[in-house]
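We begin with a single chain expressed as structure tokens, specifically the form predicted on its own.
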């Protein structure tokens, strides 16, 4: 029995929709029975890029390709300028865009892809965000990836905020498919559109990012425009700051805030926040081990990737993965305080960029901030700060005085730039 047949059997007889897309409530039967595009050229083991979103056609194509045991590269139109790099790096044989199949010819091979072909397993290629160099091509065994969804789990009406090319978005899709839930595809990923969609379709769960939550907070829509149906807001993909979480918890006392944790290299790792207003979380689950070495979190996972297609393996000989996340540990729970690359060293005094950002976010009118190190001929490094204010009345001199009162001298930014903080298509600070 293939995947489409297995899911059809699970959904048989249910009148509830699986997908809400462009104001249409669509059952799984309607998705699986729609006209299929011609995939006759595509053979098992082919590498196929699918440019899509969480719409009926893209979802059906995704399921068809899994049943064909091909290696799937999900992409979105938001990254179009990088597609050629993605095609070359993943050794793509076919591209499916807007329902049309086109062939790409090359004579390249990769040992990891060949090993999947030998197993006759479907595969999944995801790309890192590439904030420190070119994006890495992360190859998963799709058969192993899907195995975690076999265990029934509760599901709620969920906005699929995270994108088609993101492991969190793919996870939400399959969790909902396997557990007979409802997934709601937003028409636009703006604060106004997301909240309107939540209210209109009675969404119970909003999975999002700390950056987007900060944008929601500073837009002034909280709490008045938060629909009562929203029970849970999850956040992940980047570090959350305590001031933002505290304010969200204060304004939305009836909403459960949960931190998620996952890396494309490891698959989705189960995480549980110690409390709704705490940044400490327990990380683990079946087949997952954790440890801390020199304040950096390391993880061993049975659902890890096979490897990178364009970089050396990041796993040590015992299978441990260095997450590069600097953590604090308290009663077996972890709090992520930044990345190894975020450590700033001023004259031998080391601290995290997140410490500067946390203080700056307490200043009125600050929407987003980004602290970073710059080379300094005397101290080795110094701090600079990019600040995005909510309006033109923002006073940089007052922020400078505020920071001088709160920060130690070596942590004080030597330069403050007032401009928009760049946000990537996955709603993370770049």
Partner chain sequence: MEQKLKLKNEIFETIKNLAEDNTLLVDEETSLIGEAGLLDSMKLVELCLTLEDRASDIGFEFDWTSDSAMSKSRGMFRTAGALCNEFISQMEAKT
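Positions refer to the first chain, counted from 1. Quick caveat: nothing in here was measured; it's all calculated off a predicted structure.
Keep in mind that the form predicted in complex with its partner chain is missing from the display, and what follows is about it.
A.B. asks: Go through 67, 53, 384, 29 and name the one with a heavy atom inside 4.5 Å of its partner chain in the predicted bound form.
C.D. replies: If I apply the 4.5 Å criterion carefully, the residue I get is 384.
A.B. asks: Exactly one of 379, 57, 395, 390 has a non-hydrogen atom within 4.5 Å of its partner chain in the predicted bound form; which residue is it?
C.D. replies: None of the others qualify; the residue that does is 379.
A.B. asks: Of these, 59-67, 358-366, 371-379, 32-40, which stretch puts a heavy atom within 4.5 angstroms of its partner chain in the predicted bound form?
C.D. replies: Careful reading of the contacts points to 371-379.
A.B. asks: Is the gap between residue 346 and its partner chain in the predicted bound form 4.5 Å or less for some heavy atom pair?
C.D. replies: Residue-level check for residue 346: yes, a contact with its partner chain.
A.B. asks: Is residue 22 close enough to its partner chain in the predicted bound form to count, meaning some heavy atom within 4.5 Å?
C.D. replies: Residue 22 lies outside the contact set for its partner chain.
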